[in-house]
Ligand code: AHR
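One chain follows as structure tokens, the form predicted on its own.
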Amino acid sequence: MKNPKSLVLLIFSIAMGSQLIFAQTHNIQVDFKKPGSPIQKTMYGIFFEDINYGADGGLYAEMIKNRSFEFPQSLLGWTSFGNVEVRTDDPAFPNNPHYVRLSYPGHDEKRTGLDNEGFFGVSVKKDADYRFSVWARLPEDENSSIRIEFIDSESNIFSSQKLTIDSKEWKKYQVIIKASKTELKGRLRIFLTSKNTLDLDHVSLFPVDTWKGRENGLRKDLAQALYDLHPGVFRFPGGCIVEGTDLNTRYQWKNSVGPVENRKLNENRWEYTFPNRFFPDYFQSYGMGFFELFQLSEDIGAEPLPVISCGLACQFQNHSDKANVPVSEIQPYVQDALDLIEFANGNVTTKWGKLRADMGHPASFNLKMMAVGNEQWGSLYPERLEPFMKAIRAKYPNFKIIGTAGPSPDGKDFDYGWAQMKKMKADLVDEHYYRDPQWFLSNANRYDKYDRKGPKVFAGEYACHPKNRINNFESALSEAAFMTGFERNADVVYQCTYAPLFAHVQGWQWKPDLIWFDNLRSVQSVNYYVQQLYGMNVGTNVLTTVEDKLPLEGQDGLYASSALDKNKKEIILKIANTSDAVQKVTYTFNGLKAAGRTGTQTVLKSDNLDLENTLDNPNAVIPVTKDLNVSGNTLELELAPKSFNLYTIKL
């Protein structure tokens, strides 16, 4: 042969090709004889924070922006015409004193009224019913009337209803409007149709078809998406919103309960946090307050996990201790925590238990745990946490208290936080991590060497952030691989929640996010399906799963965990193949009698790591499930490259 080097290269290529085709089989041993640590029902859950228009303009189904005219600019979100005056004398609701007075414009051919732009439009679906309501009164004796109109993007009226106001006292009026067409970028218009003056407050528009049909309800498709995750725990209402940019703008749960019309507006700290995504009209109406959040927890079958302020304003935005409440003045904050437990669980004869009952829920919400603070670090935090722990444990000795290790998954502040939480004997420690795909893959063994005698871990905020921070398949696959480490270490990891939850396609400030939406549609990200597969297949006990006596934490790109579900009487196998090659795997179930069994196999895969689900292509990457037959006590598999695989086997 003229070129011996070519022969060598040819032989090498053939050898390499053979290696790929006849790759070594991974022999994985699953110990069925001795089930391991219990897996908590709360293991996989969700975290809600009003970021990216997640509440007003999102999950909370209210369609009117600035419905009570309480924004700092009273008519922000509204366009007024004719004779419109904002007033505060003799208001209907003390916490929301502003209202508008509509009066005759001075000529029969002129008009007085208001347009509302909604949240990125007032959007309606053809033939759907919408409930318009308003609190109104007559300053004079005669009746007055208004016409409520749906206006499309070209200013054409396509649906309307008339409403007569007949009382000198503040009174709630409502009417149902059926949309005659679908409109994404519409507006709602209110016309004064008589010469008589009237006052309006708390102008509201909801779809009639809300989650559970509630009038002050939630957007049905978004709430259903939460239910379909089968979450074990529901963390709310934040996040950084709990802290506020300053203490005056922290989330105060007592302002979010009681009659919805009298809940005090609060600034949303995400309004101006990102100058490149500045939304000066982003506020919290508290229409979806703590009562509704507890109620939602119950609806979706999740344990409620409220987070409360520890008296520290956001430490990222405040660099002086003067921004925080002194430890000597922390008692009102502690009392808020105690009162919250009473609101959730207290007998109807107690002050806060009675309020819960008056709001329509006499039974307890069965609150078992609470997080005090969010992403705090340094000595400022434990000295404020201590009085909370002392007071809560004195009154509720079995109540779980969650502390925090700060905003990062490592470093001196993280180490200090953990040391303090161990010293103070917190029940759980909240860890947060937003990192790139390689970090998630490299840290699948993160909890293998954690202290088994210390506090348990609550991974309260985590998400893989790939290049450009999009919800692509690469991020979902990295999370699926990483989460096998949660399950393998269920004796340490008590529960976890992906973050953030929601994002409006026009109103986002932070990404990636689990569920994206516009005003009429929503889409579940690829990451959503990873969370759903884990949430629907929790199991009751860990099954030790090893190859050559070692857990699979990335060997040849494989990450695996297994669980036994004593209730469903099945084995659950989770295995991610992050490599570019087909991986042959043989599972052997030690201690399981050889017999024919049925089950399912579910695969989430894509050849394109950058692929994502969008509103226009919602099924780009979704799980595919088919039946599985198992003979004997072994299972032979070929795992596709770049795939997350879940198998259930009936016992």
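Please read these numbers as outputs of a predicted model, since none were measured by experiment. Note that residue numbering follows the sequence shown and begins at 1.
The same protein also has a form predicted together with ligand AHR, omitted here; what follows describes it.
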Options 60-68, 580-588, 42-50, 595-603; stretch whose heavy atom lies within 4.5 Å of ligand AHR in the model of the complex: 42-50
Contact residue in the model of the complex, from Y227, Y396, Y434, Y173 (heavy atom within 4.5 Å of ligand AHR): Y434
Proximity to ligand AHR in the model of the complex, single hit among Y447, W439, W510, F414 (heavy atom within 4.5 Å): W510
4.5 angstroms heavy atom contact with ligand AHR in the model of the complex for C240: yes
Contact test in the model of the complex: D199 vs ligand AHR, heavy atoms, 4.5 Å: no
Distance check, S478 to ligand AHR in the model of the complex, heavy atom within 4.5 Å: no
Distance check, L102 to ligand AHR in the model of the complex, heavy atom within 4.5 Å: no
Residues of stretch 438-464 in contact with ligand AHR in the model of the complex (4.5 Å, non-hydrogen atom): E461
